[in-house]
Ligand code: TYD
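First comes one chain, alone, set out as structure tokens in the form predicted on its own.
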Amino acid sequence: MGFYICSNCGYGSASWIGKCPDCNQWNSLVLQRDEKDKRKEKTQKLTFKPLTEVPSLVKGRLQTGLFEFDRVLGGGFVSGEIVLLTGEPGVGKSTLILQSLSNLKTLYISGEEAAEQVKDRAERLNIQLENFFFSDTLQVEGIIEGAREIREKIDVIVIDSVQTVYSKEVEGQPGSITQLKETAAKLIRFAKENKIPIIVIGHVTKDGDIAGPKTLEHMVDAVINFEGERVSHFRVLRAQKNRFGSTDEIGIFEMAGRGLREVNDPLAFLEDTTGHVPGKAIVGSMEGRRPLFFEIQVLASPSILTMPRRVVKGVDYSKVLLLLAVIRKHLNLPLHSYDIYVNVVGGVEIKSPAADLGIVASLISSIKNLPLPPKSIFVGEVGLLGEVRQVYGEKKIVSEAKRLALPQVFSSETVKSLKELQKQLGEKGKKAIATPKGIVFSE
């Protein structure tokens, strides 16, 4: 007796159903081979050999020439590597691919854009068209067969996007779970056998996660995410997974009229380091092996709501709520009567806990309406007990800050607790009390 599996979502049923009860797709259940038939297969003999006899990976990497892109990959492509590139629609994934691969012989397979559209973008970016071969073939078996014939003429293959590619051996629409698994498996097998890197572009869901089964992320060698707000000119390339390099490195780009421009300045996200206004703090964090500095702005406004607003952009929302609880507990600030807005300038995200101290400092500054010391930076993680902890690369951040004329540093070396921070920022030992006329400080 057979078993029916939905080709769209993987739902299983003992009998055929016209409409899948899980994903509501019609005629998507496909009969799978009976377990009895599977048991008739010939048992494969175990083959093995010592690791000492296994040839090592080629140490040399295929570099693109775009340093920020190579940095995230770990120095360039490894032979036979499969890279999954994701990002929000319109963030600039296609632009990044064209610019980064302009010096390599590239087979560009697109199921979303016509050849004329790709050529128009390449000409606008002033890219050498001689290095690109375009194809709109979407059947994975045809792609592999054709790529074998021109193997000596290409350095890398781009699939844009994996949700549009399908296999003739599997039932289901392109982009379904079974199709994604089968096409990815065939592409990976081809890449490993022919020692050619493949970049696969994937869609993201409305929640920002990679579309498709989690198996797709496990199968590939590297998962890199291109992120940034459309209203911002900055873009950040992060590695979520990298079998051949670090996941700590990030690449920073600026979107300009002629495409993406690499950013090497650690102060690129700061418009002004001398500003002396309440609610503004500069934080430093290590991104890979280099320190970067970001501006955090906090606005605390008296609220008329029963439940005050908490609006956060650029840092983790849950982390901000945790910091607010720590501040209320240890600094006695009346946060329950304030709407609080937190924003990282530049449309980027800070994932490092090194920003904790800066968030707390800018919040204190906004509530008390006292500007923070000019040309100062904040580096440190805040614990639940109100202590300030050392973060990764703190000494390097401090050293870089002093080199960039930011001499006053608040870190775990100079500030041991939030109470000590509050004293250093001006109101020594005073308690903030909300009154109809505003905040009053008492001993």
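Numbers for residues come from their place in the sequence shown, where the first is 1. Predicted model only: the values in this text are computed from it and were never measured.
Omitted from view is the form predicted together with this ligand, to which the following refers.
The chain is drawn here without this ligand; in the model of the complex, the stretch among 191-199, 290-298, 305-313, 87-95 whose residues come within 4.5 Å of it by any heavy atom is 87-95. Proximity of R151 to this ligand in the model of the complex falls outside the 4.5 Å heavy atom cutoff. Contact annotation: G259 falls within 4.5 Å of this ligand in the model of the complex, judged by heavy atom distances. This ligand is not drawn, but in the model of the complex it has a heavy atom within 4.5 Å of M255. For the chain shown alone, H203 is a contact residue for this ligand in the model of the complex, at least one non-hydrogen atom being within 4.5 angstroms. Between the options V320, L125, M286, A185, the residue in contact with this ligand in the model of the complex by a heavy atom within 4.5 angstroms is L125.
Contact with this ligand in the model of the complex, judged by any heavy atom within 4.5 Å, is made by just one of R121, H330, K241, R238: R121.
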